[in-house]
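This document contains two forms of one protein chain, each encoded as structure tokens and listed individually as structure 1 and structure 2.
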Structure 1
Amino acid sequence: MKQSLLYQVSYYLAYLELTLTIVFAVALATSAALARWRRARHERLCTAGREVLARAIAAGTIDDAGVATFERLPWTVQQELVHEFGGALTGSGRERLSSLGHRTGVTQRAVSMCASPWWWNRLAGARVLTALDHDAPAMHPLLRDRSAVVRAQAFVWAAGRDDQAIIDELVSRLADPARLCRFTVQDSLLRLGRPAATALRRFLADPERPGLADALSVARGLGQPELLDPTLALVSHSQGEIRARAAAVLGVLGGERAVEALTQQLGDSTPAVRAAAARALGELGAWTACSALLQLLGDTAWPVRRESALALRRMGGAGTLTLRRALGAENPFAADMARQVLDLPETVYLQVTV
């Protein structure tokens, strides 16, 4: 009797296991088939939308049938196509895409999404308006949005706006608490180019302002002459990192005042500052600093000796003669560094000086 009961339990358990396996396999096959169907449908809708947009952008206008076709597309497909075309178009092509977005209602929907209480909706709206290069007032509050990803997207949008108020806001966000936002702001300011220099000059004029290091990185990328005065003021900043970055900016700006300040920085107490000043003098080809750089070949810090020797080699004939003089120096570190840099093959030298 007991053996019969155990046999029945084992039979039902095996039956249950087989049933669950079949149900799981059917569910898996159904899910895979549904995913394939969705992908195929998505591709079909994207193809139809691409044809409408490509025809309309090429012709400069869109007919009612094209508008109706695009309006029937799901919002996700409309967003994908706007991003795809917006990232590839510039000039008149982008203007036509923006016009199409307005006529098909995509722009209006994106603007309304920028006021959503949900960050993912605000982000989606901001991305569409960025792709359309649409100057919407609804984007301005997003520059101070509580979500870092939304702020970062708004900073990308701001890179296309030659508006002093927006540029001022961008520069003020160099001290944003989120690293993603700070990086995006730097990229946007560099893309703006010269219009950003005026706001950046005002930012650099305050030595106590947070974000000075990132601001100096942008200043080096812009390389505008109007940034010289505030940068010269920062070579005596209390923080070594700021002095070193200021030296890097002076290496781009150049001029007699910059060379004079960099030569003085060769005597800075911080090795990173001395190394940055030596590199900057080499970038400027300031051969008048050869004697000062010769002294630094015997510096106690290896990065300073290395940058000084590389700077001398960058200076051409005068620098090479100085390095050869250093081969007979009493200081073994100076002679060794001069020999290493003089012996560097040209291809290796170009790689280490990038």
Structure 2
Amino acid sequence: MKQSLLYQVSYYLAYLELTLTIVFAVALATSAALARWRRARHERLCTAGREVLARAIAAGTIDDAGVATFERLPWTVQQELVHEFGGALTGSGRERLSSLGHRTGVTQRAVSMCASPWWWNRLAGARVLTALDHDAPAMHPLLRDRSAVVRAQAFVWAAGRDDQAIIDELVSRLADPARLCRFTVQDSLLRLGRPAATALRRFLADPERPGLADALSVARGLGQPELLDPTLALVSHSQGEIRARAAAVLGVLGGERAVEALTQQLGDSTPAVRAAAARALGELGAWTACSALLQLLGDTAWPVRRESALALRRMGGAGTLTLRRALGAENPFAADMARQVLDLPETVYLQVTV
């Protein structure tokens, strides 16, 4: 009975496996043959499309024959060419590419894709419009799309828009639940540069908002003086990570108030904050903080001792003198760290990072 069952099961499974193997082998052979044909065709079509685009961008106009040639290309080839050229062009070249996209119907198709119920279509449409740098209203709803990957693409597109409403939307998205979106927003804000500072100042003014840590990373990258006041308010934030990032921003912004706040932060209860403050003071060359940093050479946390010593070394004469004094310190950890940092060759200590 059992053997009969075994036999039956084995028979049908072996039969199924054989059928599947043959089906897959045929599919593989067909795919491989088709791929070869498609590769050759794709290459030929891409070459034709590239010629049209290159001529049009160089001349500034496109003739009807060129439009017709480009329109005849498959959508996948059109997309690929737009991505290829869009990634390499800026300024007038990009504007010409954008107008070319409009004349050949690529823009309209991408816009209609942005309204698709399928996320991959919306994503593809958004990517084409980003490559064309096209200011389409169809992109605005995508800034709040339900798919994170589509939202992120819309944020990339937004980096090219100097529109206060879009910048405000971007800044508010620093609190996006998806890591990818937060990363893209940070990148886009940094690319926008100064125009993003005002919206960012408003964002930083509310200490309860989620996304403050990422906002401070952007603030550090922008380094705009108008960000000083909200950053100073954050040095007493309840979260250690926020206080540490605020210290890093102050290390870029500088000024008397920043140095004063940083010196106070050297006494923070969180080692990461003390280390960040020491580092920032070193970057500012704030020699007035030498005595406070000397105290930190004997800190219980290794990163704090290291950052304090490196900060002193960066401060030049006053800092080096302080380090030499520390060689005779009672605390063996302070003396050891001072010795290690003083031993660093001149060219090396600036490269040492955490």
Partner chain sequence: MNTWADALMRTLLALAGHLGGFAAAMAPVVARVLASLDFAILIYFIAINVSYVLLVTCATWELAMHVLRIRGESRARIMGSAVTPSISILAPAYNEEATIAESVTALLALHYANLELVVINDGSPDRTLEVLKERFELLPIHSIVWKRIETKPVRGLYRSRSHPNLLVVDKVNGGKADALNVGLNLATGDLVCVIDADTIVDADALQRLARPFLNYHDILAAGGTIRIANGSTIATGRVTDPRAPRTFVAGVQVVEYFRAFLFGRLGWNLVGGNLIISGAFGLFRRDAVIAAGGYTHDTVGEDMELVLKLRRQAYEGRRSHRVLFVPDAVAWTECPESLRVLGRQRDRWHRGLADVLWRHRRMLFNPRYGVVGMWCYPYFVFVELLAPVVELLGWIGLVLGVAAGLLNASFAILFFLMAYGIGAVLSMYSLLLEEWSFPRYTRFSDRVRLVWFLILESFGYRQLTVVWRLRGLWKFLRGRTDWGRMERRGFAKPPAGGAPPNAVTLAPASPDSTRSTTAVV
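Quantities reported herein were computed from a predicted structural model and do not represent experimental measurements. In this text, rigid core is short for the largest set of C-alphas that superpose within 1.5 Å between two forms. Structure 1's sequence is the ruler for residue numbers, which start at 1.
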Which of these two chains, shown alone, is the form predicted in complex with its partner chain? 2
Among F333, A68, D168, A35, which is positioned at a hinge, defined as the point where C-alphas switch from fitting one rigid part better to fitting the other better between structures 1 and 2? A35
Against the larger rigid part, the smaller one turns between structures 1 and 2 through an angle, in degrees, of 32
Keeping the rigid core fixed, work out how far the Cα of T30 travels between structures 1 and 2, to one decimal in Å. 4.3
